[in-house]
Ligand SMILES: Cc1ncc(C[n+]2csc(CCOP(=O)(O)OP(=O)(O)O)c2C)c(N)n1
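First, one chain by itself: the form predicted on its own, in structure tokens.
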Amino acid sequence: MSKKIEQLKELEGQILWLACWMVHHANQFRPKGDQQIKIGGHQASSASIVSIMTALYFSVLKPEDRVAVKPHASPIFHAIQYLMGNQELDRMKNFRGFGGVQSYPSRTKDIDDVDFSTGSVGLGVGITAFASMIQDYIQHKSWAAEKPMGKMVALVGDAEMDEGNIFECLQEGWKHDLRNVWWIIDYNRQSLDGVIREGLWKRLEPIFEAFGWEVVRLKYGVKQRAAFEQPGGDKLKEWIDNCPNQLYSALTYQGGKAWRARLLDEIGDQGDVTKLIES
């Protein structure tokens, strides 16, 4: 592992801890008076995007780039801004409270470096496309011709793709030769209202390709890819690819012991596969 990757992994751990602590502190420790109401927050939505956001903010983004952070990842965003010196600890302790960091990143209510307000859900996604079109317009002005062109990045929840305004802007982007835009869909199979409908990604990819987008699917992590190279790894990969969202969500909630028991029960009687899973 390179030194830079090691540093990013160290930052990732700190960011995830801060984000989860922020939500936990709000719900378990902060005084609530007579009304013992759950403050809420989205720890799982933060955990599923922390690697991508760490890489973006500490390795990829340039000063001219702009990011629309998915609303339910606001704890990760605030934690990153805190490490950068743009956020205050007292505001993080008051997460979702008056004067505290906001549940959705807000340009008017948050003090950290918010590029786009992303509540309500879906609005932040579409605005990156229109911001890129405006950037193209400005670039044709003499007073802006030398300014660097930035990337407009949207971090999108998979359930957030239910919002119609996201699809409304796809055709406008196609008509105006949209460029300099990245939409990263965090396909974590979870929604506040339930589990993501099976095969959603198979519907999304052709839609984007029809409007001229380059679609890149990032699915397997370094450890998974290494496991797939081992004897029996092809059987493990096949099982993962065919695992329904409902089962995936249930096993993830139950943890590693449940995963191993299920894998051994279904594909572990094939010699090399058993050895791989037990390792």
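Note that the coordinates shown come from a computational prediction; the quantities given were computed from them, not determined experimentally. Numbering starts at 1 and follows the sequence shown.
Beyond what is shown, the protein has a form predicted together with the named molecule; the following relates to that form.
> Consider the chain as shown here, without its partner, and state which of E172, E88, D113, E163 has a heavy atom within 4.5 Å of the named molecule in the predicted bound form.
Among E172, E88, D113, E163, a heavy atom within 4.5 Å of the named molecule in the predicted bound form occurs only for E163.
> Among the candidate residues Q139, N94, S106, S191, which is the single one with a non-hydrogen atom no more than 4.5 Å from the named molecule in the predicted bound form?
It is S191 that has a heavy atom within 4.5 Å of the partner.
> Picking from 182-190, 124-132, 204-212, 140-148, which part of the chain touches the named molecule in the predicted bound form when contact means heavy atoms within 4.5 Å?
Single hit among the candidates: 182-190.
> So, in the predicted bound form, is S45 in contact with the named molecule at a 4.5 angstroms heavy atom limit?
S45: yes, in contact with the named molecule in the predicted bound form.
> Taking heavy atoms and a 4.5 Å cut-off, does A159 contact the named molecule in the predicted bound form?
Answer yes; at least one heavy atom of A159 falls within 4.5 Å of the named molecule in the predicted bound form.
> For H78, is any heavy atom within 4.5 Å of the named molecule in the predicted bound form, or not?
No - in the predicted bound form, heavy atoms of H78 and the named molecule never come within 4.5 Å of each other.
> Going by heavy atoms, what in 55-75 lies within 4.5 angstroms of the named molecule in the predicted bound form?
Those in contact are K70, H72.
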